[in-house]
Ligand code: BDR
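In structure tokens, the next block holds one chain alone, the form predicted alone.
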Amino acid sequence: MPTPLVIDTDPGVDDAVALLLALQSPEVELVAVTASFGNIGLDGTFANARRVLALAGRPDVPVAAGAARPLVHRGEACASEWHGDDGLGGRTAHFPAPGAGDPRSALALTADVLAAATEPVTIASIGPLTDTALLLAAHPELAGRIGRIVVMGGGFSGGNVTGAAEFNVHADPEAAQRVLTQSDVPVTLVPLDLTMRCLADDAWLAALDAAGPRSRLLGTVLAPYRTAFRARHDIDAVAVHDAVAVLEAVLPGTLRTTPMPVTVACDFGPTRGATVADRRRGAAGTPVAVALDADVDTVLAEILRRVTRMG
């Protein structure tokens, strides 16, 4: 029986790849999508999640709007220089019209899914962790219905939005601290240390383009991201961050993890949003399964194989 999956996201170019990956994976049933602020504002991410589902022919999957801002301190999270002003590389006009959103809030939709679940639900949190933190705080009675939370976020060798912090964690450090330090639900963390090694190169992108009209549209969505990545890193490729985390949610054990406590810097200095792993033997704190290694070629090939099923 497929594992029920909820994806909390902020589409976002790599979020689109991750959503399509989940929809083309028979091991899971995507039962809900929740959208938060992040790569662009909430109105845009909410519509983009529905556009991606419409592209995949799955407007039946309920999509609810979540947090429009961080839990505590109002921030300025936005990554339009990577994802375009519309969040999908300037290509939203080429997507099918988005279906109707679910009238419930993200919190209410996810709580309803969990309450009705007859087997553990996986939550893939691939944007700011605000809605996931709210769920854990507001509904502790439902924690036992969650099999695990898979998070794309953090970085232990530096960040991508500041020298110390990765975007998703930096967007709401207090929420990330709430999720990563709790002991009620197992957490797998997929950080930049691994995702920055999972680079879709020219051959990968050419295969995506050749797979069919919907895959070709996804390739055009990735094009501005590829240009920005080349300008920043001098590498002609695309880092498929969120898709790596969702692949682990779909196929547990694909990534090699190391258990260690992780905390988040919530001060207002230059390290705000930094993730700190305590690698000492017997370190105090709830261990997080941190994905630091994988067969990168296999990961990229599997993401491509699944996404291109849509043609």
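Keep in mind the model is a prediction, meaning the values are calculated, not measured. Don't overthink the numbering: it's just position in the shown sequence, from 1.
Only in words, not in the display: the form predicted in complex with the ligand, which the text now covers.
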{"item": "is_contact(M152, the ligand) in the predicted complex, heavy atom dist at most 4.5 Å", "value": "yes"}
{"item": "Contact label in the predicted complex: A106 to the ligand, heavy atom within 4.5 Å", "value": "no"}
{"item": "Contact test in the predicted complex: E248 vs the ligand, heavy atoms, 4.5 Å", "value": "no"}
{"item": "4.5 Å heavy atom contact, C198 and the ligand in the predicted complex", "value": "no"}
{"item": "Segment assignment from 235 to 243, 90 to 98, 129 to 137, 111 to 119: heavy atom within 4.5 Å of the ligand in the predicted complex", "value": "235 to 243"}
{"item": "Contact residue in the predicted complex, from T188, S215, N160, Q177 (heavy atom within 4.5 Å of the ligand)", "value": "N160"}
{"item": "L142, L205, A164, L192 - the one with a heavy atom within 4.5 Å of the ligand in the predicted complex", "value": "L192"}
{"item": "Partner contacts for 6 to 35, taking the ligand in the predicted complex and a 4.5 Å heavy atom cut-off", "value": "D10, D14, D15"}
